[in-house]
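First, one chain by itself in structure tokens, the form predicted alone.
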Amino acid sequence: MHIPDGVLPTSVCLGGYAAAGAVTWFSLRKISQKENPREGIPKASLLTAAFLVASWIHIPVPPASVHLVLNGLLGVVLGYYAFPAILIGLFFQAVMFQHGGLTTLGVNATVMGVPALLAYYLFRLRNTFGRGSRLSTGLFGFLAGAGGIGLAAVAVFVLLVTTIPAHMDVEAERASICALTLAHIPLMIIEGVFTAALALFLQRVKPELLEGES
């Protein structure tokens, strides 16, 4: 999921930084419009740490291996805080563990952070089917968790397939990228179930922790 340095052309990396800057500005603007913008910072810090650690939990899906991302979960719980949280988490993953890269930080933040925001909007739709309904919370929690990682995997697939250098074996590279993308389908189910379970738990014990409930 994390695109390392040296894989994408410079123009794509610069475009990623431009997109990440625009989405960061949008997210911070939305956060500043809240009655108490600082209220969500402890929750965002905690989930940034969870995002940082989750990337080390690998799940073997032959012939590849995938790792947890949890971007959909961050969108469900953090709302507009999700994008800055993912950006910060990716920065520390790149600097501390060489997971991802600094030149691709903007691209990685965009392909994981934008689906997190979309997952947030998707999860908010549960209220149209009855506020407080456990069925709608579980269903939209699953869709948000699975959709977040699914959209990110598709975005990475498109980026990698369309930027394969001409001097490489294009067909072989394309087959590898397809296999890696398909390996994320089981991960979509895992993250969807995990997000739904957490959303149902929070709704029962502390519903104000779900973004949009307070």
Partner chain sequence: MRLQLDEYAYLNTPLHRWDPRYKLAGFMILIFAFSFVHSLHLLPAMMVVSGALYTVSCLPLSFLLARLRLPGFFLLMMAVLLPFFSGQTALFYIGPVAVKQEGCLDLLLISVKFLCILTLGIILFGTTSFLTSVKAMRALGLPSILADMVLFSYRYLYDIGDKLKTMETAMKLRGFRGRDLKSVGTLASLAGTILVRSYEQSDRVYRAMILRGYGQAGGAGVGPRRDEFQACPRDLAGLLVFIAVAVLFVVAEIYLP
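The term rigid core refers to the maximal set of C-alpha atoms that superpose within 1.5 Å between the two forms. Residue numbers count along the first chain shown, from 1. It should be emphasised that the depicted structure is a prediction, and the values quoted were computed from it without experimental measurement.
The next section is about a form of this same protein that is not shown, the form predicted together with the partner chain.
Remark: all three candidate residues (41, 51 and 84) come within 4.5 Å of the partner chain in the model of the complex, counting heavy atoms only. Taking the partner from elsewhere, residue 13 is found to have a heavy atom lying within 4.5 Å of the partner chain in the model of the complex. Using a 4.5 Å cutoff between non-hydrogen atoms, residue 121 does not count as a contact of the partner chain in the model of the complex.
In the model of the complex, residue 56 approaches the partner chain with a heavy atom inside 4.5 Å. Although the partner is absent here, residue 95 lies within 4.5 Å of the partner chain in the model of the complex, judged by heavy atoms. Residues are counted as partner-facing when one of their heavy atoms sits within 4.5 Å of the partner chain in the model of the complex; in 98-118 these are 98, 99, 102, 103, in sequence order.
Once both forms are overlaid on the rigid core, the distance between the two CA positions of residue 54 between this form and the one not shown is 2 angstroms or more. The Cα position of residue 40 differs by 2 Å or more between this form and the one not shown after fitting on the rigid core. For residue 154, the Cα coordinates differ by under 2 angstroms between this form and the one not shown after the core has been superposed. A shift of at least 3 angstroms pushes the Cα atoms of residue 43 and residue 195 further from each other in the model of the complex than in the displayed structure. Relative to the shown form, the CA atoms of residue 195 and residue 56 are brought 3 Å or more closer together in the model of the complex.
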